[in-house]
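In the form predicted on its own, a lone chain appears below as structure tokens.
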């Protein structure tokens, strides 16, 4: 009965199309999954059809990047209305920002490495939301690194001189918008200290007050002390607790489908609260 509620496809920065992600989920023995591409819902229809073919449950989702006092905050949205005007505007702005940011990073890399914007675009699928992983793929193709992990470790991490930050809305704004669109906002890997600075307990409380409904606790990037902090927050505010892989495909990150999963009762809570779109074949 396990569900993996954080996966990515070629619609954003994953390396497998939505149907293949679903097929891999079936192969991994999962009961169902959510597709949560960055700033994009274009993969929902393909993933749902594949879920039907494989007899899996499917929950439509998306991952939104926000910024609080210089800290990058990722918010997962489940079951929101993709046609909600505010969400459409949010996605359009995010995708435009992603392109501009990627161009700037590429220009900085090109000062030292054999990489061009055209080479980056060759790594981006049709209508995909571009991101640093596509820059990593271009570096792999140029023979500069062996894989995405090495590219991030050497050139694309936040402390790199090639790094460019992106202008993103505040998570309070994102959470409120997701709720308005009938979605269920869950903060992703909130204690991932390896990715950079994380939110303080007071900042997390602010997000709960704004309407945050859940926390992704069981994620490989959350260390045990961080998980304990998130579990305490969830207990005090009756938040949904999720677990997931953050899968980006076999050729993407080392994360593997089903390495962390979400309990059936927590999936049921998401289904009860989400009103903007419909899940498929989810009976936890």
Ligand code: AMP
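Numbering follows the first chain given and starts at 1. Being a predicted model, the structure only gives us computed values, none of them experimental.
This protein has a second form, the form predicted together with the ligand, left out of what is shown; the following refers to that one.
Pick from 234-242, 26-34, 50-58, 249-257: which stretch has non-hydrogen atoms within 4.5 Å of the ligand in the model of the complex? In short, 249-257.
Given that the ligand is left out here, which of 197, 160, 149, 200 has a heavy atom within 4.5 Å of it in the model of the complex? Comparing distances to the ligand in the model of the complex, the residue within 4.5 Å is 149.
Using a 4.5 Å cut on heavy atoms, which of 95, 101, 108, 179 is close to the ligand in the model of the complex?
-> It is 101 that has a heavy atom within 4.5 Å of the partner.
### Message
Although the partner isn't part of this model, could you tell me whether residue 84 comes within 4.5 Å of the ligand in the model of the complex, counting any heavy atom of the residue?
### Response
Flag for residue 84 set to no.
* Asked: Do residue 133 and the ligand come within 4.5 Å of each other in the model of the complex, heavy atoms counted?
  -> Output for residue 133 is yes: heavy atoms within 4.5 Å of the ligand.
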